[in-house]
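One chain comes next, on its own, written as structure tokens: the form predicted on its own.
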Amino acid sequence: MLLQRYAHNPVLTPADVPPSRDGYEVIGVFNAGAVRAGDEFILLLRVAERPVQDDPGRIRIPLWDTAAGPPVAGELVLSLDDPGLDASDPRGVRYKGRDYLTSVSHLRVARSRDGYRFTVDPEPALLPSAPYEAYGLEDPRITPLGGGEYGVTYVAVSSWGIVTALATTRNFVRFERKGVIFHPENKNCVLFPNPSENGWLALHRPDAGGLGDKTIWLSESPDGVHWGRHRPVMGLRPGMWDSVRIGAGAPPIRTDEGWLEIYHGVDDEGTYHLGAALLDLNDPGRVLARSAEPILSPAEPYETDGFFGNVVFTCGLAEAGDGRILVYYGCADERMAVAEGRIDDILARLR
């Protein structure tokens, strides 16, 4: 593996994060956006929580009412022997023709001086606040925009579907929501750093639905809000580690050889891996090279066992100096870990 795991992984677990309100429990802290801001390493965590399940015959489903006024937390209590309930998937249930998630996620900031030992903020940074966020906020990515500003793309989930939304911040305390930038079904969106006078660029993954593959697209925008010139960039590779679906992971890093993108791929067995791609500097829609083998695959117990096992999934990395990068990744949809690599080593494997 080109990425070397931190010896004391995982760096964050559900026990490290207090729930956002009484009567709830945190069941996952994972898929964090990451950036180095000044002398701090910042993680923007996806925190999954749910009502405490204190009745073995019932399931309590978290809900947010965002239809009018300030959002209000609520829940739906269902009997497990209800014939209208399908609770076969731990991530969600289907009840009377409608889908619900068994947990709801918000975004929470964690801070570190060394990139390994993090202190989690006591309160959420972003909670559901709009109807399209009623089922939670997931999988944020952080990109420097220049001038001390950062863009945060995140997945917003509701009965309306899965969309990509955008927020900006200068201090990771106050965030300004810009709204939905990619309509359903769309996720795995990463912005290219430091937009130029020619506009913004983003990689994202639309869901092709019943026809077509789940692949990575490139889009352009004059302002970060209105997007067009959509085109496919990377497809699936049958029989390889990215044969079933792929998605952008961390925001791209600019190198002399091209844009280095760390992305995830799913194989025929349903295992999530991390790999790398090199995109042309002047035309990022042109792929110069891709990993023949993963740079990180699930192997440790904290990666293979958990809420949804055999998953390593990155939403962010931080440059640590001397050509080193710290890749932060979610493990089994439950906890956070970090692995170190060198940009030159990854590029050498792509040549």
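Each residue number is its position in the shown sequence, starting from 1. Treat the numbers as computed from the prediction; the structure is a model and nothing was measured.
Only in words, not in the display: the form predicted in complex with another copy of the chain, which the text now covers.
Not one of Arg254, Thr304 and Leu347 is positioned with any heavy atom within 4.5 Å of another copy of the chain in the predicted bound form. Taking Asp99, Asp121, Asp82, Glu149 one by one, only a single residue has any non-hydrogen atom within 4.5 Å of another copy of the chain in the predicted bound form, and it is Asp99. Only one of the listed residues (Asp207, Asp89, Asp280, Asp268) places a non-hydrogen atom within 4.5 angstroms of another copy of the chain in the predicted bound form, and that residue is Asp207. Segments offered: 103-111, 74-82, 219-227, 260-268. Contacting another copy of the chain in the predicted bound form at heavy atom distances within 4.5 Å is 219-227. By the criterion of a heavy atom within 4.5 Å, Arg170 is excluded from the residues contacting another copy of the chain in the predicted bound form. Interface residue remark: Ser243 is not counted as part of the site for another copy of the chain in the predicted bound form, having no heavy atom within 4.5 Å. Contact annotation for Ile162: at least one heavy atom lies within 4.5 Å of another copy of the chain in the predicted bound form. Among residues of the shown chain, Pro184 is one whose heavy atoms approach another copy of the chain to within 4.5 Å in the predicted bound form.
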